[in-house]
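As a starting point, one isolated chain is supplied in structure tokens, in the form predicted alone.
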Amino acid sequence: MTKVPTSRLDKLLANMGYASRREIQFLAKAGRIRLDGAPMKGADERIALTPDLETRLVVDGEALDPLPGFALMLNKPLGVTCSRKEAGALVYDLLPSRWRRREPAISTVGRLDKETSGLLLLTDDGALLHRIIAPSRHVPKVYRAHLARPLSGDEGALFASGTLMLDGEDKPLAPAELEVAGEREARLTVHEGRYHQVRRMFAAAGNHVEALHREAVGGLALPPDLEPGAIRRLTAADLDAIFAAP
């Protein structure tokens, strides 16, 4: 039988960004932390970290934030950087302020550049993050590119060849699949994550990407109702879908 992990209340809430452990002690004494409707007697109590704790534990009248070990999808808008330190608008600014103080920290699963929009995953689960980005997993990523010039018709064979070399690199790209969506529009599925890869691939084919949007990671597609800048927690089915793509 699997042993259920436990944590002191003050440590759990402090790591989830609610307040310092000392401040959480005051919240508990004031009756502002309730478990199953009853005030918790002290912040040093140990509680079982079961999934239903998110509905059973209430802090200042609000249900508990997601427990550690969760993942999110974000519809990343243009002009936002996947960084913690660069100037300007950052991806992490789109999260609730309390979530930005969590430990372990929530991190992006890979990156999208500032001028690329679309599906971006985030998680505080390091093992999950590395499982998704590991080269050995070959998790595909699907992008829709709008191009400066019409497609020539040769791009599909070039990208699928497995011989395309990007400028400044010494290893050819893995085969990628191109689907023509219009005279100057295409969907490209890549199986690795090199720096500015999609933009550099079209540059190598003599074209220029004017707009780039990521539609899917593995078998998980960006929902059409998720507005730019909005986040949604991933379900177990969502996580399975990431790795279900061929």
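The shown structure was predicted, so the numbers you read here are calculated from the model rather than taken from an experiment. The first residue of the shown sequence is 1; numbering continues from there.
Just so you know, the form predicted together with uracil exists too; it's not on screen, but the next bit is about it.
S.K.: So which of 196, 187, 29, 184 gets a non-hydrogen atom within 4.5 Å of uracil in the model of the complex?
M.R.: The residue in contact is 196.
S.K.: Using heavy atoms only and a 4.5 Å cut-off, determine which of 81, 108, 75, 116 is in contact with uracil in the model of the complex.
M.R.: None of the other options qualify; the answer is 116.
S.K.: Specify the contacting stretch among 198-206, 29-37, 56-64, 174-182, defined as having any heavy atom within 4.5 Å of uracil in the model of the complex.
M.R.: Answer to the contact question: 198-206.
S.K.: Indicate whether the candidate residues 112, 143 and 212 are all in contact with uracil in the model of the complex, with contact defined as any heavy atom within 4.5 Å.
M.R.: So, yes: the whole triplet contacts uracil.
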